[in-house]
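First, one chain by itself: the form predicted alone, in structure tokens.
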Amino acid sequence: MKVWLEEKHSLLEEIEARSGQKVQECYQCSKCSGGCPFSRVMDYAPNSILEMIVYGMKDQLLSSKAIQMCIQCGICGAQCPAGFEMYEVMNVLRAMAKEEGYISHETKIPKMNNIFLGEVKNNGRMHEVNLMVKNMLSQGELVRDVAALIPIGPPMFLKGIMGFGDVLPHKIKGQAAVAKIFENVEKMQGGHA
């Protein structure tokens, strides 16, 4: 069932224009929510977010924890029979929340997501050790997290799962091209990373 809104410039229209996704074409089959690795801990499941957009529930959406938890993995789009890219909508909702000064209580996942994207931008690929260390530092729980890794780290070295070459990040040959992709995306998003 489609709901058409009469407002001159509705939340639905703004999100569709900014994301390039046709929110009203969602079948509400819930496959995006079923595939999302975080939907069970979100305050609103992905398909519910789409319905909330249609009904103009802006305050609830922009203050939600769910929009901050999306890690842009693309599982939602892979599951969607209509080819809808939910993460594009989540990116727009996050940007709107930031622009309009909404405060989220979910901080850990956005921090880790930014660290991950920074690693890819700077090295052309993700570096696991840097990701772990930077994430531990950003969360302010370095001592606790390092203590938890002590039983895991040395056996990984001893069994050859990890070597000393894995400790320092290595840039790929095309790293400059990857950095350029990030710059282009930031320009397309009006300077918002």
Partner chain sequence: MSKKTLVIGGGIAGITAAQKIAQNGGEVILIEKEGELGGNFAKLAYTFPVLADAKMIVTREIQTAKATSGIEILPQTELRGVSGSAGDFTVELNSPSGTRSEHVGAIIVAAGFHYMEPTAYTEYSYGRSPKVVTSLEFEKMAAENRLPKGNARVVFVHCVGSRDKAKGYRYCSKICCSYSAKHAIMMKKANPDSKAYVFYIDIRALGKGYEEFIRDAMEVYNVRYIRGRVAKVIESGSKLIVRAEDSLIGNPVEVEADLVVLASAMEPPEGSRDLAGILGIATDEYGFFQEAEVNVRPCHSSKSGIFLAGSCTQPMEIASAVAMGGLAASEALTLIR
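Residue numbers count along the first chain shown, from 1. All of these numbers come straight from a predicted model, not from anything done at the bench.
Not pictured, yet referred to below: the form predicted in complex with its partner chain.
- Taking the partner from the other structure, its partner chain in the model of the complex has no heavy atom within 4.5 Å of any heavy atom of residue 139.
- Taking non-hydrogen atoms only, residue 56 never approaches its partner chain to within 4.5 angstroms in the model of the complex.
- In the model of the complex, residue 82 approaches its partner chain with a heavy atom inside 4.5 Å.
- Its partner chain is not shown here, but in the model of the complex it comes within 4.5 Å of a heavy atom of residue 25.
- Put simply, of 115, 90, 97, 75 only one has a heavy atom within 4.5 Å of its partner chain in the model of the complex, and it is 75.
- Between 157 to 165, 128 to 136, 60 to 68, 38 to 46, the stretch whose residues reach within 4.5 angstroms of its partner chain in the model of the complex through a non-hydrogen atom is 38 to 46.
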